[in-house]
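Next up: just one chain, as structure tokens, the form predicted on its own.
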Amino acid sequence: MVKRLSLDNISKFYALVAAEYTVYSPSQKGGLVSLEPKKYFDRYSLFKFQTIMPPKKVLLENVYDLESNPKEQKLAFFGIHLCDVKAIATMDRIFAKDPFYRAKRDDSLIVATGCQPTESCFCHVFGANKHQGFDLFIQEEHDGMFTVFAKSAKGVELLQKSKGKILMSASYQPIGQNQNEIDLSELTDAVENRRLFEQHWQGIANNCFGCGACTAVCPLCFCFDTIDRTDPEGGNCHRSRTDDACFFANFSKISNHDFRPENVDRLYNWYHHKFVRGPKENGDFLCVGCGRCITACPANLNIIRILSAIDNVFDRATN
């Protein structure tokens, strides 16, 4: 089903969604636009640029009480972009058996919107600009009206309740893309060949602070730590799961051994997980080209230039 809605009807449609779901939508907070719970529609709900944090902020809550039963929730993401939609689809496969993730995701709703790519975006490289994976998609037209596409039974049911003209045919506008290109056909082999690029990785690590800012904002970084705490009075043990980052020095330490003692080891592991283990274990790269890591990096490291350089060196070495 496809309908043509005015801005006023989009606002009423948001209210329909909010009546059934806890809605997370782009919101202004502290001068920044972040993904926050919001009951009412405003101009940030259709924000064309990225939110600071991706939907994983909601789906992978910072701390889980592993001894409690997960509570089912009806969540809706309203106004997220196609790169984040693909990231959610990838996480669905990775966390398919995680009861805490499923409790939030199984009955959730995704309302995606168009976006305005920046110089840091390269979503088209990973096919993360395709119109798929959502329940509904809101497309702003040049005349100020909106075309709303429903792609699931839940989406159709909600759209039927909204006031607007039903369209017999409509087409998606392509998401704009810049000139950033990376050859994915050889990327896994290139990243896996660490010896060929040892000086390259060391040079990047020399400029990397190891702060983990990239992992915090990445929609497909999900490292965690499991912590046991004992109540001294009651003697009960409490187990929880909390966010962590493979960039942190303590992450790879077990007992008295450190598997990745140097910053270059931890940096390489991050790339190896995303571009080697990710596609081998999950069938897809653990990157959607959103460019958040570029924006967040205090050392101005640029994943596009890093991957492009590896591609070029690998081509020269193998041809």
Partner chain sequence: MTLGIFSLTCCEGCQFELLNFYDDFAHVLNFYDILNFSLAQEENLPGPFDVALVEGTPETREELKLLKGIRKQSKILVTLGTCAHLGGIQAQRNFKESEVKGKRKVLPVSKVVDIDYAITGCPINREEAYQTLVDIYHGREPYQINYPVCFECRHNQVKCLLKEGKPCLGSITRGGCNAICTTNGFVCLGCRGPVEQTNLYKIKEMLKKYLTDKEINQRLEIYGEFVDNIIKEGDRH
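The model shown is predicted, which means the values in this text are computed figures rather than measured ones. Residue numbers count along the first chain shown, from 1.
The following text describes the form predicted in complex with the partner chain, which does not appear among the structures shown.
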Which among 170-178, 102-110, 188-196, 203-211 is in contact with the partner chain in the predicted complex, heavy atoms within 4.5 angstroms?
-> 203-211
Does Gly283 make contact with the partner chain in the predicted complex, using a 4.5 Å heavy atom cut-off?
-> no
Contact flag, Lys39 vs the partner chain in the predicted complex, heavy atom cut 4.5 Å = no
Interface membership of Leu16, the partner chain in the predicted complex, 4.5 Å heavy atom rule = no
Partner contact for Phe248 in the predicted complex: the partner chain, 4.5 angstroms, heavy atom | yes
Any chance Ile88, Ile94 and Ser162 all have a heavy atom within 4.5 Å of the partner chain in the predicted complex?
-> no
Pick from Glu119, Glu157, Asp228, Glu72: which residue has any heavy atom within 4.5 angstroms of the partner chain in the predicted complex?
-> Asp228
Residue within 4.5 Å of the partner chain in the predicted complex by heavy atom, from Asp183, Asp243, Asp98, Glu140, is Asp243
May I ask you to list the residues of 274-302 that have any heavy atom within 4.5 angstroms of the partner chain in the predicted complex, in sequence order?
-> Ile294, Thr295, Ala296, Cys297, Pro298, Ala299, Asn300
